[in-house]
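Take a look at this single chain in structure tokens; it is the form predicted on its own.
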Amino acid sequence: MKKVLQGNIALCEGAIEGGLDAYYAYPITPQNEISAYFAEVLPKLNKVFLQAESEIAAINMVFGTAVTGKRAMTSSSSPGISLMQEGISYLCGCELPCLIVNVMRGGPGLGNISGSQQDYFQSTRGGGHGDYHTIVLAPFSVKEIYEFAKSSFILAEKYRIPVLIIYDGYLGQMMEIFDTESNEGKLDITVDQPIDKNWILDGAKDRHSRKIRSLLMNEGELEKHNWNLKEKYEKIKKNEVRAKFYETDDAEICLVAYGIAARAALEAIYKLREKNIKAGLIRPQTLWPFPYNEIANLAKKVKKFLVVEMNLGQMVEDVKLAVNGIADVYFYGRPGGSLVSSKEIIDYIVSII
């Protein structure tokens, strides 16, 4: 079925298709269409919509719903996600699956309401207190927003971990035609056996009582828990890395970009090839786990990389780690809600060449 949807609305429809049970959030631009859509649609589907009194309340409502095994979700934009960080740390400490969406805007501080990619560090480095990760997905089209939201709950439940989808306000506001039944943008998630949900709190009748908590005070208990979390994170890094490659087989310079910046980069590489400059693109779909090995393998033959971001340089650090000094890594970015254009990328690459 073909649809014309705004990115934020595609997120909603994908989440509903993926089995969303309850949504909690507090208003903030540029993601308010999500809350408005859910406010109208979810009650008609006998699902829960609740506008919380704050972002802090919203993330804790997600926590309360997740412990029951229901599929819970919240969304916000950059400053609102900052307010949720304590709750996100609790969710990770208690290993609770859920979906969190950040429609990124310019910062720091209140910044502005334009699209940005300035929350990469916050998203991929945990963001809150303690050693933890969330799976971080970065769509670059309305179709991918739809598909990632649709698949997120299965991915979250497979590993008992929050999934964070991040995209900029431009992608959230733009509209595109897409086919809901096509394979484009789908996440291929393998589940070898039925997902075990025997951890949920659903009343202790006819079974022993259970506890879900992150306060571990006995000697060595917390350390053991963190080692168990690390083992899970290593499985995720092994199994769930996602990246797309464009024209990389013969590339002499390779761009690395995600989200809306990747759309400009993709246009740039084809225009560069018209100028006989062999450019390629790697587009990470998972920002955590990051495609370190994929970039490292490409660096064995490509000796120049250009990282394009709508910030002052954040993902570029991960690319440098992946390349590990065997190729040159350049950076082009625009902070504060400004779009990067294909012409800017092309001019910068010509200056590098």
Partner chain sequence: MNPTKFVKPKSLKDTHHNYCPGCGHGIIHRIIAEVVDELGIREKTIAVAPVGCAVFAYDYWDFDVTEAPHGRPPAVATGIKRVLPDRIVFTYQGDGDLAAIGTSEIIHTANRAENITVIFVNNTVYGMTQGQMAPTTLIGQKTLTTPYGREVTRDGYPLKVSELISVLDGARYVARGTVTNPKNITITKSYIKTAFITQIENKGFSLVEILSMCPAGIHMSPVEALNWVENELTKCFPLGVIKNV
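Residue numbers count along the first chain shown, from 1. Predicted model only: the values in this text are computed from it and were never measured.
Just so you know, the form predicted together with the partner chain exists too; it's not on screen, but the next bit is about it.
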Inset, instruction - Evaluate E86 for contact with the partner chain in the predicted complex, applying a 4.5 angstroms cut-off between non-hydrogen atoms, and reply yes or no. - result: yes
Inset, instruction - Please check if I16 has a heavy atom lying within 4.5 Å of any heavy atom of the partner chain in the predicted complex. - result: no
Legend entry - A327, heavy atom within 4.5 angstroms of the partner chain in the predicted complex: no
Inset, instruction - Please check if E40 has a heavy atom lying within 4.5 Å of any heavy atom of the partner chain in the predicted complex. - result: no
Inset, instruction - Quick one: find which of 154-162, 139-147, 243-251, 87-95 has residues within 4.5 Å of the partner chain in the predicted complex by heavy atom distance. - result: 87-95
Legend entry - Among the candidates V316, L287, M61, V302, the residue which, in the predicted complex, approaches the partner chain to within 4.5 Å (heavy atoms): M61
Legend entry - Heavy atom within 4.5 Å of the partner chain in the predicted complex - the one residue of L312, A36, L321, V48 that qualifies: V48
Legend entry - Sequence-ordered residues of 55-77 touching the partner chain in the predicted complex, heavy atom within 4.5 Å: I56, A57, N60, M61, F63, G64, T65, V67, T68, K70
